[in-house]
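What follows is one chain in structure tokens, specifically the form predicted alone.
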């Protein structure tokens, strides 16, 4: 068994699942006959929008926090995040009874700031740039002695994220394809290793916004590229893919495709309307690729990880209030 990023493999993913099982939901897998007919495929949606903190991030953060030995854990944990990962780390720290310091951009959504604070974490604000986040987080770690729980360049985060795909393949037999979004690549790396280890013939396809397509560009070039991000409504996918994550992607992922902003909004709305569930824009990205026929899944059994459901209800992308 190939080991990358330390010891990320199916065994460590299974161990992570045992570790975090008391603290997370085994989320539902939903289907919808209308969507199946429209796509001429059988779609199975792994609903991480029903997960603790409303996103798959609870898996990786909980695993990373609970793998720390007691002496290191006493110093607390720190991370930088504008949303779901910050809340997930804060919650995991509360469960373990240790301090959490979450660096957040000053323009973070108020609902996300409140979510982090609700778990008792200390929020430290910084300028809204990636460099400012990293610098401020390093300062916090230096001052507090906390340990960094990076949102995707962390082997325990990756193994934790891989548990979603593991559950999906245990619950649904005979999948031909598994699809998930890609930002920093923690979910994709864990998903790819779990899926290819459990079902070697499965195709692993990642989907990315056209306005934040560094992973797709890197995949085509055969080397990791860092690009400047444009605006994308899929705010959880604005991060460049991590170096260790891309090494896993090169070995295990079959394709990375891109979708437009318009396709993301339409896919999000379609899932809301047909499945009667709330998902965030980043979670809609894989279905957007199917609906736009960018990924050929006709007559196939397709697993889709719906990554989260944290949405600012005052700023829905199809709301007329956005244009006022």
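Because the structure is a prediction, the values reported are computed rather than measured. Residue numbers count along the first chain shown, from 1.
What comes next is about the form predicted together with another copy of the chain, which does not appear here.
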Partner-facing stretch of 43-51, 59-67, 291-299, 255-263, counted where any non-hydrogen atom is within 4.5 angstroms of another copy of the chain in the model of the complex: 43-51
Output flag, 83, 125 and 131 jointly within 4.5 Å of another copy of the chain in the model of the complex, heavy atom basis: no
Residue contact check: residue 26 to another copy of the chain in the model of the complex, 4.5 Å heavy atom: no
4.5 Å heavy atom contact, residue 314 to another copy of the chain in the model of the complex: yes
Residue 12: touches another copy of the chain in the model of the complex, heavy atom cutoff 4.5 angstroms: no
4.5 Å heavy atom contact, residue 275 to another copy of the chain in the model of the complex: yes
